[in-house]
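Before any questions on how it binds or moves, here is one chain, the form predicted alone, in structure tokens.
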């Protein structure tokens, strides 16, 4: 069963918090991974790998560059589950 956008956001926020120590309240749909959350490329790749495992989806490297905001990632993961 596919998760809702809110469930994906919550799960993604857990991953970001565990990987970076950022406050979960900061991980909102409109936040940019690099500009707002200050996530570097290595941490981003770890987050992507953990998200693939958690949500049982595949996020190809060429698609990762398009995941600029948390909302982009949530939309991608939600669509990939369908």
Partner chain sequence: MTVVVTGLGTTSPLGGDVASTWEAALAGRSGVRTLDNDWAEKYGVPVHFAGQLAVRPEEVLSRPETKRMDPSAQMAIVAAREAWADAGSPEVDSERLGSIVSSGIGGVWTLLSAWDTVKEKGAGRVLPLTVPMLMPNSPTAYVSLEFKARAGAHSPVSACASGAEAIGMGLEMIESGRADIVIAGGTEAAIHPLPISAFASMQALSKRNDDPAGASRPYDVSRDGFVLGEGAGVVILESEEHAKARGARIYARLMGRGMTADAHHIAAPEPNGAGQTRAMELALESSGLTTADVVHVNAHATSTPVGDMIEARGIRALLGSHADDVLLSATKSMTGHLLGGAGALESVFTVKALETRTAPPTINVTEPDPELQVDLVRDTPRALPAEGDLAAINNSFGFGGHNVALVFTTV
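Numbering follows the first chain given and starts at 1. Everything numeric in this text was worked out from a predicted model, so none of it was measured.
Form predicted together with its partner chain: not shown, discussed below.
- Contact annotation for residue 64: none of its heavy atoms lies within 4.5 Å of its partner chain in the predicted complex.
- In the predicted complex, residue 17 approaches its partner chain with a heavy atom inside 4.5 Å.
- Contact annotation for residue 45: at least one heavy atom lies within 4.5 Å of its partner chain in the predicted complex.
- In the predicted complex, its partner chain sits within 4.5 Å of a heavy atom belonging to residue 49.
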